[in-house]
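To begin, one chain is listed below as structure tokens, in the form predicted alone.
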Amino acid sequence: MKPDRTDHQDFSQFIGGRRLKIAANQTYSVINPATEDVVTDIPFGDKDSCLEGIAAAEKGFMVWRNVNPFDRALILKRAAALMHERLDEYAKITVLESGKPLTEAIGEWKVAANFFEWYAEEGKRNYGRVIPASRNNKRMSVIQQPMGVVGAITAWNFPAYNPARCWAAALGAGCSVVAKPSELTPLTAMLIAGCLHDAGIPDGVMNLITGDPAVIGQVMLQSPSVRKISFTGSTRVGKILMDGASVTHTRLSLELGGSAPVLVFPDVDVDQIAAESVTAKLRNAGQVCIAPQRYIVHEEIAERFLQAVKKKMQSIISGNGLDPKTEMGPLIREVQRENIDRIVKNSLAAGAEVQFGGHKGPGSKGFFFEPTLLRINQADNPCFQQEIFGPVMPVITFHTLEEGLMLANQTPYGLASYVFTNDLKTSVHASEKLEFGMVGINEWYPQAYEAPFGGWKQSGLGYECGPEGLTEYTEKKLISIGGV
């Protein structure tokens, strides 16, 4: 099924204020993961596309940096308003390329629009500070100025949210952007770029290119004009970028892997938390960087928790995201489904027990995998050690708080974590001891556009969202006046 074309559905590269088509032999097919049909073909750029985008962004930056922050805000707010106006139409396109349920796509587009509105305002508050000097004849102040051209490489799992949180912050700070969305879900990013264009952003400030991520990443790293790269993706690729940045001195913001633990203590409403656990775990079919992954449940309530989870999973309806009954869509592609299948089989071989699911979807079309509940007894089980990124919920038990924290921290990742308890002391102690950048206490969504988003350990570098997200795209400059 191909989306209907309108004036603001021109799926092409966007460089220097122009939509650019490429020869037919340089295209890439976007696949609907629920049906395996071709949604549409898009131009597939190359090294030259990236260089052209960077050159345009250099020119755009010289204009944008001098636009008053209040005037920049007007453009970003207009773009946000256009996203809200076109919400229903655009959300359906996001469903076609990502497979997620329509309600999730609608929610994601609303958040994406809110990012542009929020950073439109935050750009007005790009404050510096005055430093009291140790000498009376000296005056010191610090100002923050836009960094320059930013390369933005974003992942497929949230095709609206991932670009929006990076682009909005960079543009709000006064930077220009060269964006490379995932080749699996590029249409949504193209629509956002179109909204910015229609809102009146100057030529060259927002550029979108397509192509092989390895090639584009290397071009960005090697260009002296690209001052920073923001990347959302795997830890493996993040390490490649860090290796390259050590040579070129390119700044990096990295949101990488996650393996979020969920500590469930015996003083909670077990049935309620179990049902909520399934909803949170199966959001976007588990393809969420901060998705709850490793469920560490107190032994007193483990059996009841498992039974309640199983009951909830039995009621989940999987299918095409455009079907209003669908609660969980497919995985993004076959290689992802094969990886989930391999992890489950390896986990079973290592002693895990299937409580529910455990297999690929029964249909002949679509990259579906059943909601799966596993009980494990050892922390060295593959599904406890590896990032699953799918609809698989492994459950292990603990006896004491210290044991639970030890199991939770037993990972090289440190993005999100969760604690469910009604005891204040337990929540304070656990949240302070967890080695993660975000801790959700009695909630499943510990993130907001007004709050910092970032990981510890191998989960990333730097921060997105909040005031921290804006300052990530600025340089700090000390102005020191002597002999006053």
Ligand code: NAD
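All residue numbers are counted from 1 along the displayed sequence. On a predicted model such as this, the values are computed, not experimentally measured, just so you know.
Just so it is clear, the following notes concern the form predicted together with the ligand, a form of the same protein that is not shown.
With the partner omitted here, the stretch from 95-103, 254-262, 74-82, 133-141 that lies within 4.5 Å of the ligand by heavy atoms in the model of the complex is 254-262. Looking at residue 389, you'd find a heavy atom of it within 4.5 angstroms of the ligand in the model of the complex.
Although the partner is absent here, residue 400 is not a contact residue: none of its heavy atoms lies within 4.5 angstroms of the ligand in the model of the complex.
Interface membership of residue 157, defined by any non-hydrogen atom within 4.5 Å of the ligand in the model of the complex, is confirmed. Taking non-hydrogen atoms only, residue 237 approaches the ligand to within 4.5 angstroms in the model of the complex. Residue in contact with the ligand in the model of the complex (any heavy atom within 4.5 Å), chosen from 183, 327, 341, 117: 183. The contact residue chosen from 384, 231, 369, 109 relative to the ligand in the model of the complex is 231, the criterion being a non-hydrogen atom within 4.5 angstroms. Heavy atoms closer than or equal to 4.5 Å to the ligand in the model of the complex belong, across 199-232, to the residues 213, 214, 217, 231, 232, ordered by sequence position.
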